[in-house]
Ligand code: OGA
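Only one chain comes next, encoded as structure tokens, the form predicted alone.
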Amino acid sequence: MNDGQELRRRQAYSIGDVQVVPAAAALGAEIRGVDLTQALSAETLDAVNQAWSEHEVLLFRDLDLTVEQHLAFAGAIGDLEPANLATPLTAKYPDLIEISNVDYDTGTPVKNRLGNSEAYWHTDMSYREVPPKASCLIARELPPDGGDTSFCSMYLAYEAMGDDLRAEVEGLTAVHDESRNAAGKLREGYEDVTDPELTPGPRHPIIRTHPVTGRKALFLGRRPYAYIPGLSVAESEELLDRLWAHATQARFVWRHRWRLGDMVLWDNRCSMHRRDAFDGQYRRVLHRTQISGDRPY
């Protein structure tokens, strides 16, 4: 096996009427020939799920979807989770999350909330006992440059581990910090704990098994304040540093440059993602849905 690379096709192909165009990277594929303004047939939905299992991240381009159509597609993939952030739209659409740097009263860009800073490598909501299995994100307003989102294949990161490192982490768990968001900001109601041994959050296996594909993947969540129980803080930090340095190598990454009307569906169980910073004078608004998952094992 060559780092699992042969498990993923590199040339464009079709599954029925669905066209799959793999990205020129470790993961990701564009889906063509699917009308997301209409309810998907069972055959089309099955084809989309097949492509998703193979490529981890799917891109749909040039969409002009209503909020209802976005929610309908995401709901076909799985049960939707309520938004974890209250915004004006959640009153009407409780399952819709606005990823935005816009002040809702003035309509101008602001630096609070998620703002315009970099969002570091992370897995969405891994601080939950049962994290979501997927996120579905559509671009509504974009700055002229910046704000790209990169995705990292945790399948390939696992498969490319050396035998010694794999043996070192086999059977270990890590605490996933629930006190801070992906930009490193302390969530309301949490104390600023600096000792990793006191990090609040669930314990998840460092190596998890995907419940659909059966493949193994690293499951790291977020780096700051993570802790591996059973190790000293120094030992935990050293091992986590090695795991993160390995998992986020460029050879495992696909970087997506957003266009208006892009929608990306990614598998939260076998990929991580990050966002580049962008010029804060510009508005950036995307709508996200979270799809319920399963307890990592």
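One rule holds for the numbers: they count along the sequence shown, beginning at 1. Bear in mind the structure is a predicted one, so any value in this text is a computation, not a measurement.
One more form of this protein should be noted, the form predicted in complex with the ligand, which is absent from this view; the next part is about it.
Stretch-level contact check against the ligand in the model of the complex with heavy atoms at 4.5 Å: of 165 to 173, 206 to 214, 84 to 92, 120 to 128, the positive one is 120 to 128.
Taking the partner from the other structure, the ligand in the model of the complex has a heavy atom within 4.5 Å of a heavy atom of residue 286. The ligand is not drawn, but in the model of the complex it has no heavy atom within 4.5 Å of residue 199. Taking the partner from the other structure, the ligand in the model of the complex has no heavy atom within 4.5 Å of any heavy atom of residue 101. At a distance threshold of 4.5 angstroms between non-hydrogen atoms, residue 116 is out of contact with the ligand in the model of the complex. 137 is the sole member of 137, 160, 226, 96 with a non-hydrogen atom lying within 4.5 angstroms of the ligand in the model of the complex. Among the residues 254, 52, 258, 60, the one placing a heavy atom within 4.5 Å of the ligand in the model of the complex is 258.
Contact residues in stretch 263 to 286 (any heavy atom within 4.5 Å of the ligand, taken in the model of the complex) are 266, 273, 275, 284, 286.
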